[in-house]
Structure formats: structure tokens, C-alpha cells
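First, one chain by itself: the form predicted alone, in C-alpha cells.
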């Protein structure tokens, strides 16, 4: 259960918008540069985020991406699902076609606990949590410089 590249990029793109904390839209090229996501890949991901209702895309001069939904209403799992991630489609870590509680591979019990922990985190962590954590990190850096 490792996140594929699209899922990782989706989280990076959303975090990039949050951390940028701009008063207006963030240009696609700036977001691509900030998050180190290739611009052609970023446009595909951002289209999915727009379709999910998390982000609004503004065209033209002064355009870019802006968060549309309140951060506390966007969970990690929502972003992952919008990017096409499906926890139920995660393959058996041992490579078996049929792995379940009834037919467990040698790693099934511990892998199942990891999946449960991941699910709990993904369902209970929001984009607001990311904003808060980053604010704390920024505040700590500034206080250390003083």
C-alpha cells in the first residue's frame, strides 16, 4: 500500500496551494515549480481537483488555481480518491491474487493493521491540519532565528 505517483502529486499540489497562502489564484507554473511536479502532469491532477470541487481554476490574466472548499472539509482520503487512489484495490504485498482474512498470505495480519492505520489517518486528517502543521513549522523557524 504505497501511494502511486498521481496520488503523491495530488497531495503535493493541494499542500502547495495551502502553504503558498496567497490572497489570489496561484499560477500553474508557480505551483508546478513549488511542488516539483511536471506541468503537464500537474494540469491533469488539477483538473481532477477542480472536478472534485476542491479547487477553482481561473483563466486569463491574474488566473490560476484557488482553493474553493473550506480546508477542514477536504480530507486526505478525498484528495486521494479524486486522484484515483482506491484502498480496496491495493494488491497483496506478498503478490497473491487471493489474499484475505480467510486466505491470508504470511504478511496479511501486519499489512492489514498498516492499512487500518492508514485509513484512520487518511479519513481523519484534513487539509486544515496540513495548514496548521505548516504554520507551526514556520512559526518555529522564525522563533529560532530570533
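This one's a predicted model, so the numbers in the text were calculated from it and none came from an experiment. Positions refer to the first chain, counted from 1.
What follows is about the form predicted together with the DNA, which we do not show.
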In this chain shown alone, the residue from 91, 38, 109, 70 with a heavy atom within 4.5 Å of the DNA in the predicted complex is 38
Only hit among 119, 81, 28, 34 for heavy atom within 4.5 Å of the DNA in the predicted complex is 28
Test of understanding: in the predicted complex, would residue 95 fall inside 4.5 Å of the DNA by heavy atoms? no
Indicate whether the DNA has at least one heavy atom within 4.5 Å of a heavy atom of residue 115 in the predicted complex.
no
Is residue 53 a contact residue for the DNA in the predicted complex, using a 4.5 Å heavy atom cut-off? no
(request) Give a yes/no on whether residue 104 approaches the DNA to within 4.5 Å in the predicted complex, heavy atoms considered. (result) no
Looking in the predicted complex, the residues of 56 to 77 with a heavy atom no more than 4.5 Å from the DNA, listed in order, are 57, 58, 59, 60, 61, 62, 63, 64, 65
